[in-house]
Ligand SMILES: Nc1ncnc2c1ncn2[C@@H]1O[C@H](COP(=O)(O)OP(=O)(O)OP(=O)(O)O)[C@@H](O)[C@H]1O
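Take a look at this single chain, the form predicted alone, given in structure tokens.
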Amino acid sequence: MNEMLTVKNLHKSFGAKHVLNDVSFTVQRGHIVALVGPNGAGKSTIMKLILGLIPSDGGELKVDGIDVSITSHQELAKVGALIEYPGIYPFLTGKQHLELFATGADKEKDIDKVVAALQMGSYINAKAKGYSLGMKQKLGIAQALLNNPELVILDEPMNGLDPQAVKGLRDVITNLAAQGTTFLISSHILSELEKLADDVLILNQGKIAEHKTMHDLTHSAVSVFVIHTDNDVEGQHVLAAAGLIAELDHGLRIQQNSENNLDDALRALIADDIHIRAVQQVDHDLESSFLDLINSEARGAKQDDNAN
């Protein structure tokens, strides 16, 4: 079996708020999977459910083929995690923290290995009360990686890290994935996820809106252009009147597809005496793919509301 994580028909509500609605996806062994979505979409809730920290309202969760839940934790011995903020005891050293979490047969060797990988040697024996935000974050990541887990779940792991530390963490993750470790990572730093992830899960309004390989998502057939004019606000109205959709985003952002045509947009603007200053094609990276999808769903929801 090549599936390290299976999530099927997952539901979760907090009071009257339905946070997750029939969420299903799989994560293949040795893959790095990015979980992205707007604030409040349910990313952290999914991670907490996988770790058995909160009960679900229905659905299945399996790690390496075995069910996990708030009352069934045996497979979680294979999982390392950092959710939200690392738990730090200020009067313990970094190494003492790791000694508390170490469970392997060769604890000292495992601690030395993760300290070296994350370049923590210069401060690992200092008390955590003097740690910077980045040092604390590295300590939390070290705890997640310490016992050679088969699945690692990281929620915003780049928080507080400087560019050099982010690059170092990226190298650690890719090296471990090449050796078979599976990662599920949530981060708002989409440019970093793009460099890391094999697959992308986009969560929106409690549902999986997209599940693709990173290559397929960022090599979409849709071309995106930004038209710069002397009056972008008026230009957006002109295009709307012509049946063309453009987002105001440092210019008029338009997708060229069967309904939106760049030539038609330019002709409509010129015919209405809107002067074109420049036309720029936008690289279709993870951030633009994410925004395109979220904006498209928002437009669809608005049209449905108007129809009703």
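As the structure is a computational prediction, the values presented were derived from the model and not from experiment. Note that residue numbering follows the sequence shown and begins at 1.
The same protein also exists as the form predicted in complex with the ligand; that form is not shown, yet it is the one meant from here on.
At least one heavy atom of E156 is located within 4.5 Å of the ligand in the predicted complex. Heavy atoms of H31 never reach within 4.5 Å of the ligand in the predicted complex, leaving it off the interface.
A residue is said to contact a partner when one of its heavy atoms sits within 4.5 Å of a partner heavy atom; V68 fails this definition for the ligand in the predicted complex, lying far away. Contact check for I274: every heavy atom lies farther than 4.5 Å from the ligand in the predicted complex. Checking H237, K207, K195, H188 for any heavy atom within 4.5 Å of the ligand in the predicted complex turns up a single hit: H188. Listed residues E84, D230, E99, D216 were compared with the ligand in the predicted complex; E84 is the one with a heavy atom within 4.5 Å. Residue heavy atoms within 4.5 Å of the ligand in the predicted complex occur in exactly one stretch of 242 to 250, 41 to 49, 22 to 30, 264 to 272, and that stretch is 41 to 49. Taking the ligand as positioned in the predicted complex, the residues of 6 to 35 that bring a heavy atom within 4.5 Å of it are, in sequence order, F14, K17, V19.
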